[in-house]
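Below you will find one chain, with nothing else, as structure tokens; this is the form predicted on its own, and questions on how it binds or moves follow later.
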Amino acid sequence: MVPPAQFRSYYGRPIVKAPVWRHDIAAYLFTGGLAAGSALLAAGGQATGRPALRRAGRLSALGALGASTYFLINDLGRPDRFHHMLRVAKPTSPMSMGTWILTAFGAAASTAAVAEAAPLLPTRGPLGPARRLLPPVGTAGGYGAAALAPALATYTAVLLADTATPSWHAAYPELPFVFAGSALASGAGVGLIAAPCAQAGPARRLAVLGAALELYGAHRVETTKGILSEPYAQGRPGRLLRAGRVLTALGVAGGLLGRRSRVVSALSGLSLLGASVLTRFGIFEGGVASARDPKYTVVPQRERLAQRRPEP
């Protein structure tokens, strides 16, 4: 009897080099998605005449953008490395394009957030013109940020899938759905927390759409990639993703059923935000786990070779 094959590499080292990214990048995935989802929420509030929703989305987008910049620079090690990445624009590089998308989104989202200070300015004096000019400028900035939000929410999915990390690369068709859905759900969470119930209707609809995209993509990632789905279903990544699904379901249910309760809506928003954090960390850690175990590199290669081999 031949013993089962042991998928070991020379010297016990991984065949594929695991990502050098720390958990700063996992946090960056969440805050970038939150910024994108919040910008879309703010644009919806602007378009439908819901000022509380607009204000919450704009301020949340600015806060999440600041956190994203911190996590990215902290992972890079020095602030000047972020500046160096802006010296070139390489269309074939998701990292290069993502840096430019983040910068352009930041300019638009910051303009929109600053415009929320217009009512606080005096009507006369040197700041009087600024009080009149800021609202239309903020509207343009808000819609500009919303136009860039889909790219900001999904470019990180392309970035992960473009690596040699087995379980990230295999999930390239579905990761954008997971990340886009998670971004929408987290933005909806902000609206459910910050806006009064009468203005939170778009946030509830956004929560349903985001949850549907996220759950569809995550289910596909966890069930249709053969052995490369294992890292997403086992160990710590599996626990994170399962907990994320539970919180997503609770958040959507609470948002729909508790539409007249500010407390229930706020708890639903917190659930959606927590679900987005867990999902991003689960996807991140699942990919890292697949790179550390040689079998996730060897077995799919053997299966592809067997499929190409002509039948006798």
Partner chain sequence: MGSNRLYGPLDPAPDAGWVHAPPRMGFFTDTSVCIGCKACEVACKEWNHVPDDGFDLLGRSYDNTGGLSANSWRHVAFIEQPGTPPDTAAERPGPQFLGMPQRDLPGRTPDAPRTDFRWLMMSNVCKHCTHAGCLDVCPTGSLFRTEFGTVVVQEDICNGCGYCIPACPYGVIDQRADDGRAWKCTLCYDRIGDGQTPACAKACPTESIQYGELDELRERAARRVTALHDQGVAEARLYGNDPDDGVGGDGAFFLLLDEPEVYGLPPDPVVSTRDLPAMWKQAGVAAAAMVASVLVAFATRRRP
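Numbering follows the first chain given and starts at 1. Bear in mind the structure is a predicted one, so any value in this text is a computation, not a measurement.
Separately, the form predicted together with its partner chain exists; it is not shown, and the next lines address it.
Partner contact region in the predicted bound form: 41-49, out of 41-49, 247-255, 268-276, 58-66, criterion any non-hydrogen atom within 4.5 Å of its partner chain.
Although the partner is absent here, Pro196 lies well away from its partner chain in the predicted bound form, with no heavy atom inside 4.5 Å. Mapping the unseen interface onto this chain, Phe105 falls outside it, with no heavy atom inside 4.5 Å of its partner chain in the predicted bound form. Although the partner is absent here, Thr123 is not a contact residue: none of its heavy atoms lies within 4.5 angstroms of its partner chain in the predicted bound form.
In the predicted bound form, its partner chain sits beyond 4.5 Å of every heavy atom of Thr224.
Checking Lys90, Arg132, Arg236, His219 against its partner chain in the predicted bound form, a heavy atom within 4.5 Å turns up for just one residue: Lys90.
The listed set Ala164, Leu127, Ala117, Ala140 contains one residue whose heavy atoms approach its partner chain in the predicted bound form to within 4.5 Å, identified as Ala164.
For the partner-free chain shown, Thr297, Val298 of 279-298 come within 4.5 angstroms of its partner chain in the predicted bound form, judged by any non-hydrogen atom.
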